[in-house]
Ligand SMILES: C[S@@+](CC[C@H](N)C(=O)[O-])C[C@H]1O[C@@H](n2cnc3c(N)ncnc32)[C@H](O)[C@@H]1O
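Given next, in structure tokens, is a single chain: the form predicted on its own.
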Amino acid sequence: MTERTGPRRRPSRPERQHPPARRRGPERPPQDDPAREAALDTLRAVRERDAYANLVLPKLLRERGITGRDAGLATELAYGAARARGLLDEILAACSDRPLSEVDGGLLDAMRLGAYQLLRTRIPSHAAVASTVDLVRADHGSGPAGFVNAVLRKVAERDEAAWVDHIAPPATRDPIDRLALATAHPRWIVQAFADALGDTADELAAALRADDARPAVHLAARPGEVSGEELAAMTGGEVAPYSPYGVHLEPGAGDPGDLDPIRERLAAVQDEGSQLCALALTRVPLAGADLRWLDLCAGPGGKAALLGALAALSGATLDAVEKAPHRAELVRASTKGLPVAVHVGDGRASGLAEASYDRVLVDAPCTGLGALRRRPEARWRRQPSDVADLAKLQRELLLAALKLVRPGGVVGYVVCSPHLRETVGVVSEVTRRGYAQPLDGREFFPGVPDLGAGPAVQLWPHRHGTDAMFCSLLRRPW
């Protein structure tokens, strides 16, 4: 089945009357619904400015003094509607008497917000419809409000499962398309997950549904300053299951930036999967010197800070390369006080001496499909056409790293994606040409179960509670 880029075409209908001329209501809705207002403004920013919901909404909540239950509701509605956009649009298209492409963007944002409440929350139907219509009437007038009211009342006639049955093909005919609609993912991402897992049934569904789970906040204790156990006691979190420096905080536990250990640089926010990949690079035994380490794609600095702290403990130093100057400043800030030298430049042509490093990390730019649970709108922002250019960049960075590492040294190739073209596709091309020897990475992830057949490691949210990080450990031949 061909990739859908928008809602299915619906049979043509007789031309309808245009809504009555817009009658303006007050410029803003009454100030008694701050949660929905903030959620709607977040969806608008994502659509109009290509903004990131997880950056926009927290700022709005702070600026408007929205806390407690209202903040929780705003977060659920904004992030939930952003994640479910594709499914919501399919359902809205089935309930609208005009193509969604002809609907004003502001109205569509509101309809997505209302449809999400109807289908994926316990908010009573009448309240979900009425609150959405009130927002539209205040911003757009009575005519558009009537249109939104009519569409949402049709949406309310079925629950989510019934809508999926109504608009999706049966699983026996097209299991990928069915899952794409049922889990609100673009078809190409569902196919990529299926290819990586080798599964089109229960585990694939579990992996996709994990993208909708609200993730815990993961912290990384700074080695040499505080242990994972001490950090857990300081923050009220739980010791991570696999990383010796990791701590998990409950979702909704507040802004981790307000925690004393974060402010005092004793810890940082970092997914446990990222910690495990950086640690794996340091665990590979080396013959000869082990004094010079390199992070070739260092921004914004999480892995550089962890590697820098570990380097300090072992008497090594770390060079960190970052192309974007503003991200290089973030690396400097995160590694302050550590034996880390930051260089601004392209990792493919860094100007650093070849064969001069013992360990090199390549945390390459990627599609980010492994962190969809942390970026609500990301699944709809990325396109399959992005993969080819990224895979080319990833190969070039990995080849550059293999020139910079000395013979017998080790390179860790890491991406936050399970897409085979970004993972085993990149690595297999390099190893096939004899530039590197793959190591069995599983032994350097001690205690982590379900790592597959190797030699590379693919982590998964539904298996490990981490982002879907991929790690391949490669040794440069002597």
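If you're wondering where the values come from, they're calculated on a predicted model, not measured in any experiment. Residue indices: 1-based, along the sequence shown.
What comes next is about the form predicted in complex with this ligand, which is not displayed.
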Only one of 338 to 346, 178 to 186, 283 to 291, 136 to 144 gets a heavy atom within 4.5 Å of this ligand in the model of the complex; which is it?
338 to 346
In the model of the complex, the one of D363, D319, D89, E377 near this ligand [non-hydrogen atom within 4.5 angstroms]
D363
In this chain shown alone, the residue from A162, A233, A333, A324 with a heavy atom within 4.5 Å of this ligand in the model of the complex is A324
Does any part of G273 reach within 4.5 Å of this ligand in the model of the complex? Heavy atoms only, please.
no
Can any non-hydrogen atom of L259 be found within 4.5 angstroms of this ligand in the model of the complex?
no
Any chance P300 has a heavy atom within 4.5 Å of this ligand in the model of the complex?
yes
Is L249 close enough to this ligand in the model of the complex to count, meaning some heavy atom within 4.5 Å?
no
